[in-house]
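Given as structure tokens, the chain that follows is alone and in the form predicted on its own.
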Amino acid sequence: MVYCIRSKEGTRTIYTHLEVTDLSDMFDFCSSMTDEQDARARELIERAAAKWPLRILHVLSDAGAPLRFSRLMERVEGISQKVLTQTLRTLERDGLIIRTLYPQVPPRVEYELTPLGRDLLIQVAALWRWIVERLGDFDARKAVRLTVAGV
């Protein structure tokens, strides 16, 4: 649904129209999934969409080369050392990044994207672009909701 808001001397009129898209077969693949597969897929979506994982994957992608922990800390603003460590472990466990330990003194550890991690970012970029292109629509709907609520 697309909203168009027009104001005229203290009044607000909202025009809407429905964009029809055939979604009938979009989720057909779900019918062949087991309950366990569905639960696992939902778990992975929730983990990937958490506050930090996509940001970390994006930083690793932008770097174009493996990064040490300290470089990641510098580039992912606002993340604590503990949360970065936990998130990197989860991303490694999910196969989205590779952690390479170099046996030297002091030990050197680097992180880089796997092909799976890069593929996830490609898929997410389309969603991200879609959201950014429609921020005005989201903001307009929020303004309507606030106006109706009397805020």
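Start at 1 with the first residue shown and count on from there. A quick note: this is a predicted structure, and the numbers were derived from the prediction, not measured.
What comes next is about the form predicted in complex with the DNA, which is not displayed.
**Student:** Give a yes or no on whether every one of R68, K82 and R108 sits within 4.5 angstroms of the DNA in the predicted bound form by heavy atom.
**Tutor:** Checked in the predicted bound form: all three residues contact the DNA.
**Student:** Against the DNA in the predicted bound form, would R40 count as a contact residue? Criterion: heavy atoms within 4.5 Å.
**Tutor:** No, R40 sits far enough from the DNA in the predicted bound form that none of its heavy atoms falls within 4.5 Å.
**Student:** Does R93 reach the DNA in the predicted bound form if we count a contact as any heavy atom within 4.5 Å?
**Tutor:** R93: no contact with the DNA in the predicted bound form.
**Student:** Is R118 near the DNA? Define near as a heavy atom within 4.5 Å, in the predicted bound form.
**Tutor:** No, R118 sits far enough from the DNA in the predicted bound form that none of its heavy atoms falls within 4.5 Å.
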